[in-house]
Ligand code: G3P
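The data below hold one chain only, encoded as structure tokens and taken in the form predicted on its own.
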């Protein structure tokens, strides 16, 4: 195994899983209230280069907006309701900037896993600008872990802020995964939970990389992954699994 792992094992998915509108400050506050001290979130860029939290390329599922997020400037995105889709309690919740989330985590002593979630064709810009903002803004240890399914985004992040840790996201262990992770200077593999077996866990450990799983919501699956001694489990069930 490589460098010591300084992040909490249990990680709140998109702030508080499904208990609050995902990727919002309200979700982070609720996850924190349930005892979580590490969070995962999705970060992308607006048309004018503002880093903010949103999972989908489209605005339709989790806001009252329409169309592609990348087609809008931040002043337009900042006015959207990102909470009413979830429940009336959260009506009026806004899309948070990356800056606001970094501030929340630093104030509360929390770690962060930022998934670089670029729109199609925007991987390089996203990697560069998100990494630059984190490197400029973050104070404390451990620094946020940057992860992505997009090698181009991770490569851009590495070139911009090489001291930030990186993790390669995988749905499965296809040929070339190790070469890609090593080329990008990753310290971790973040894989879909069912991709983790005794064999893959051993292979990743032998390569000196840390091991994280998403999205772990089942008791039996959590027990299996803990038996494999994974370093991190990302979950929606922040009210069930106690960190």
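Owing to the predicted nature of the structure, the values given are computational and were not obtained by experimental measurement. Residue numbers count along the first chain shown, from 1.
If you look for the form predicted together with SN-glycerol-3-phosphate, you will not find it shown, but the lines that follow are about it.
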property	result
Residue 77 within 4.5 Å of SN-glycerol-3-phosphate in the predicted complex, heavy atoms	no
Non-hydrogen atom contact residue 55 with SN-glycerol-3-phosphate in the predicted complex at 4.5 angstroms	yes
Contact label in the predicted complex: residue 149 to SN-glycerol-3-phosphate, heavy atom within 4.5 Å	yes
Any non-hydrogen atom of residue 123 within 4.5 angstroms of SN-glycerol-3-phosphate in the predicted complex	no
Contact residue in the predicted complex, chosen from 169, 119, 102, 110 - any heavy atom within 4.5 Å of SN-glycerol-3-phosphate	169
Segment assignment from 27-35, 174-182, 64-72, 40-48: heavy atom within 4.5 Å of SN-glycerol-3-phosphate in the predicted complex	40-48
Partner contacts for 12-36, taking SN-glycerol-3-phosphate in the predicted complex and a 4.5 Å heavy atom cut-off	13, 14
